[in-house]
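First, one chain by itself: the form predicted on its own, in structure tokens.
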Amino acid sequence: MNKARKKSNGQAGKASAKAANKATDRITITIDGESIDTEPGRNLVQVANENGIFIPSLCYFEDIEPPLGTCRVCSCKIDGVAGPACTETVRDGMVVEAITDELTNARKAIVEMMFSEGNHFCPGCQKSGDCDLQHMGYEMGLTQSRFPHVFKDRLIDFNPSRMIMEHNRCIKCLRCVKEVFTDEGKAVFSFRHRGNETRVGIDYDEEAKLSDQQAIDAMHLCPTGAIIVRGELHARPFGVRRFDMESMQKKEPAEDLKIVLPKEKKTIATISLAGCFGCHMSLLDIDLKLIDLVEIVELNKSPLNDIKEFTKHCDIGLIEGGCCNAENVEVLREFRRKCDVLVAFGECAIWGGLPAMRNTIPLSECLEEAYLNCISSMDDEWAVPYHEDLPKILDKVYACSEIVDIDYFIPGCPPDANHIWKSILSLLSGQELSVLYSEFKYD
């Protein structure tokens, strides 16, 4: 009898709550166990983000209705069924799983594939720091892609009167196709071809009819730097870009750990392969911490102390730059043999970086352009250099992980000095240090 009464009271309570919600036009949903009071019919991504639960998305844009649901980065489990959160409107009693290991891994895989499939050279992109794809990489903490980069040769469309269509950066989110129209209602962008060859095309006649402001709005609508209006997209300094300083995720402030370093000095070796030495310069930017560094480590083979050969086995090896010739490969393999832990630091070492821009062009064309079709300071000196002492150039620039096993990755071009410092301390102490969002960058 008591159980029946309790059950009856519980049902009455639920009915009363529903009646109250209906009277006030409010509903209750649950996201990751947290009850959220909201209005019915609102977009799930908006509701979650407003309540400090970050659901990542690339194609979602508030003004596009119905939502696109093309990128699937926002996938959640909604009432037990997996699907894109951006296409869902909230309803009373909805139960959402937004952050699980399975969902996080799936989202990372999608974003990694976008980076690998396109030629995204963040250090050379005008939209770096304001790019939604780059931002998703930061929020997910992506240091590298599990997929090999494709380096497909895509033409850049310079034909429109004011715009440039950079197909290497396009993620086919559909935003421009669904949102950009002339005053007469004519579409400016459209999908062309099918399957893996799908690309966004521009109707040149209709593009010319857009006002200057409409063209700029189309550029800002693009989540990456695929749509560029000539003379209007300018690189902005670090700190004034949208995605430089603060994460969109609700996180507890990291506590400063008391680092317990080993009593004996550890040995570190460093090298620059197909790179610019910028990562080594960033390492030197730890400034006065260099005094602390020499107290806890001993540098072996490194350009920092000009030791040319290994004199002992090393605990940690730091690799800057990828592999563009046979000598790079030989040196990298030697580092793998002589170092217990190998760290790739900088974009060039992680996936090829700016030197890998040549990967979309046949090597023969690169050499012809550099040595045969160039302006020479010497008469009759148009020849591709060849000598047995010159290292053999590889067919492309390879990431270090394509040649040997890499244990850790520190992204950036160059990585932030504090990011490098914290990574070294973590490896020396075995304690995980928190890298700030503002220190984790690809450019």
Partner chain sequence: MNNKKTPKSGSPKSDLILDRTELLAYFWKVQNTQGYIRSEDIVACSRALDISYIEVEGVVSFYHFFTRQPTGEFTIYLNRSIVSECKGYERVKEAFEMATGATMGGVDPSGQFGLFKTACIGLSDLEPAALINFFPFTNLNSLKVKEIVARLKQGASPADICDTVPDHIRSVPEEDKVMLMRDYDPGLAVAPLKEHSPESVIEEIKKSGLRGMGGAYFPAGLKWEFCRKEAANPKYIVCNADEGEPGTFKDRVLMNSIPGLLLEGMTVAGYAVGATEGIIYLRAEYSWMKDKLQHTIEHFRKMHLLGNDICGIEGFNFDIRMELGAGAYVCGEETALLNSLEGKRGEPRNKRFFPTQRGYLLQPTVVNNVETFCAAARIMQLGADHYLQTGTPASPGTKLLSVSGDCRLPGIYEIEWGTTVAEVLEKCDADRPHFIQVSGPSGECISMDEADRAIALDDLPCGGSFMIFNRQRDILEILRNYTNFFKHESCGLCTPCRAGNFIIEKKLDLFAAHLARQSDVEEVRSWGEIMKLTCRCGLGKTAPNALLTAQAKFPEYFESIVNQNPERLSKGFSLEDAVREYDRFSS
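Quick caveat, the model's predicted, so the values are computed rather than measured. Positions refer to the first chain, counted from 1.
The discussion below concerns the form predicted in complex with its partner chain, not included here.
Taking Val150, Ile286, Ala208, Leu261 one by one, only a single residue has any non-hydrogen atom within 4.5 Å of its partner chain in the model of the complex, and it is Val150. Between the options Asn373, Ser161, Gln213, Asn196, the residue in contact with its partner chain in the model of the complex by a heavy atom within 4.5 angstroms is Asn196. Checking 218-226, 106-114, 298-306, 240-248 against its partner chain in the model of the complex, the stretch whose residues place heavy atoms within 4.5 Å of it is 106-114. Taken together, Glu102, Ala326 and Asp407 are fully in contact with its partner chain in the model of the complex: each brings a heavy atom within 4.5 Å.
Under a 4.5 angstroms non-hydrogen atom cutoff, its partner chain in the model of the complex lacks Leu142 among its neighbouring residues.
At the 4.5 Å threshold, heavy atoms of Leu68 reach its partner chain in the model of the complex. By the criterion of a heavy atom within 4.5 Å, Glu34 is excluded from the residues contacting its partner chain in the model of the complex.
Mapping the unseen interface onto this chain, Asp79 falls outside it, with no heavy atom inside 4.5 Å of its partner chain in the model of the complex.
Taking a 4.5 Å heavy atom cutoff to its partner chain in the model of the complex, the contacting residues in 380-409 are Val384, Pro385, Tyr386, Lys392, Ile393, Leu394, Asp395, Tyr398, Ser401, Glu402, Ile403, Val404, Asp405, Asp407.
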